[in-house]
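Read the single chain below, which is given as structure tokens and is the form predicted on its own.
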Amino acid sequence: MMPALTLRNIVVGALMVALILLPVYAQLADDRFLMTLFTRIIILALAAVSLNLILGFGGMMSFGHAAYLGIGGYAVGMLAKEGIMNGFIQWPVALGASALFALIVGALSLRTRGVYFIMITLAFAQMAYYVVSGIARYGGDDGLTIYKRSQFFEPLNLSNKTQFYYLCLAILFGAIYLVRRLVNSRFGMVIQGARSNDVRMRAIGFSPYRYKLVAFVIAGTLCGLAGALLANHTDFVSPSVMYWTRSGDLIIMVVLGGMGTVIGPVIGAVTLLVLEEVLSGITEYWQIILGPLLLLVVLFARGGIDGLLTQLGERLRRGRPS
């Protein structure tokens, strides 16, 4: 069944086409920075998509989600420091470490709710931050430089910026598809039902805790993959990537784009990071401009930018003569 031709679908389709064709434009315009910027945007969009699974669909306000970015990144960096460059070892370790940390954090935090849940996730993230800050062998506060990117089979070469960009984009599309399938499955219905009424879900025979824990682990694993990609992109990883303010950035991306929508976090990531780049080039006090803009979207656009596009599309449709 073909999707309806609405304003929202047109904008989303245009965004996807633009992301696919961006390397072609960057090569024609000889703009290397554009490739670097949008590779970073795609990686952080992947992290935002993973957070949206538990925040937007599950109602779990995790303020420590950036910890998985750091865990995935440090898994790659530490193994590279020890001379293990094979991506088939680095990336599974990054995913496994992120999943294990998410399992531990989720098993404890999901027994609480509200501000207690937020504080426990934040406490674990800060604990991870201070642990890696104190490991002198891997750079401590100064971070860890990665001199060689993950090695895979030929002809895949992560040092090639175009290949790496398309790899990140393919993983992002795969994550979007995975989240879409999950939230539309019985599993996703339970997660969303527990967000609305936890007691009712237990009354009809489901165990929300187990479902939430699985969703929490999946989200942490996907974010750990984003961390592995980010480490390869920057050739550097530092404790700052795990700090609570980075988790705040991911939350802003989800809210700005549209919580509980599959594509919303991607829209939010692109909007936020492009605005940051443009405004920072105009003035050093760009946060003063960006802050009110984000506030206006939150106050007047129910469902974020995704919801705003849907509302505008409905108004345009109703305004047409029959």
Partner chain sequence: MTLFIEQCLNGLQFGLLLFMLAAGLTLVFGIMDLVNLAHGSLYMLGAYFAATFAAFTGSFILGAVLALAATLLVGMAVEVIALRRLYGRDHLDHVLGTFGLILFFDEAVRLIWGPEGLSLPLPSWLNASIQVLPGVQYSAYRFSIIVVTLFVAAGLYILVMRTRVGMLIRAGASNREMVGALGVNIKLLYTLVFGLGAALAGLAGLMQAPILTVQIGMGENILILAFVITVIGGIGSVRGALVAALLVGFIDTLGRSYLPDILRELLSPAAASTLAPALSSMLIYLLMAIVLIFKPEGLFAAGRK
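Computed from a prediction, not measured in an experiment: that's the story for all the values here. Residue numbers count along the first chain shown, from 1.
The same protein also has a form predicted together with its partner chain, omitted here; what follows describes it.
Contact with its partner chain in the predicted complex holds for all three of 116, 285 and 294, each having a heavy atom within 4.5 Å. Of the candidate stretches 123 to 131, 161 to 169, 79 to 87, 93 to 101, only 123 to 131 contains residues with a heavy atom within 4.5 Å of its partner chain in the predicted complex. Using a 4.5 angstroms limit between non-hydrogen atoms, residue 290 touches its partner chain in the predicted complex. Residue contact check for residue 35: none of its heavy atoms lie within 4.5 Å of its partner chain in the predicted complex. Shown alone here, residue 279 lies farther than 4.5 Å from its partner chain in the predicted complex, counting heavy atoms only. Heavy atoms of residue 157 never reach within 4.5 Å of its partner chain in the predicted complex, leaving it off the interface. Of the residues 251, 215, 230, 179, just one reaches its partner chain in the predicted complex with a heavy atom at 4.5 Å or closer; this is 251.
Interface residue among 55, 41, 267, 262 relative to its partner chain in the predicted complex, by the heavy atom within 4.5 Å criterion: 55.
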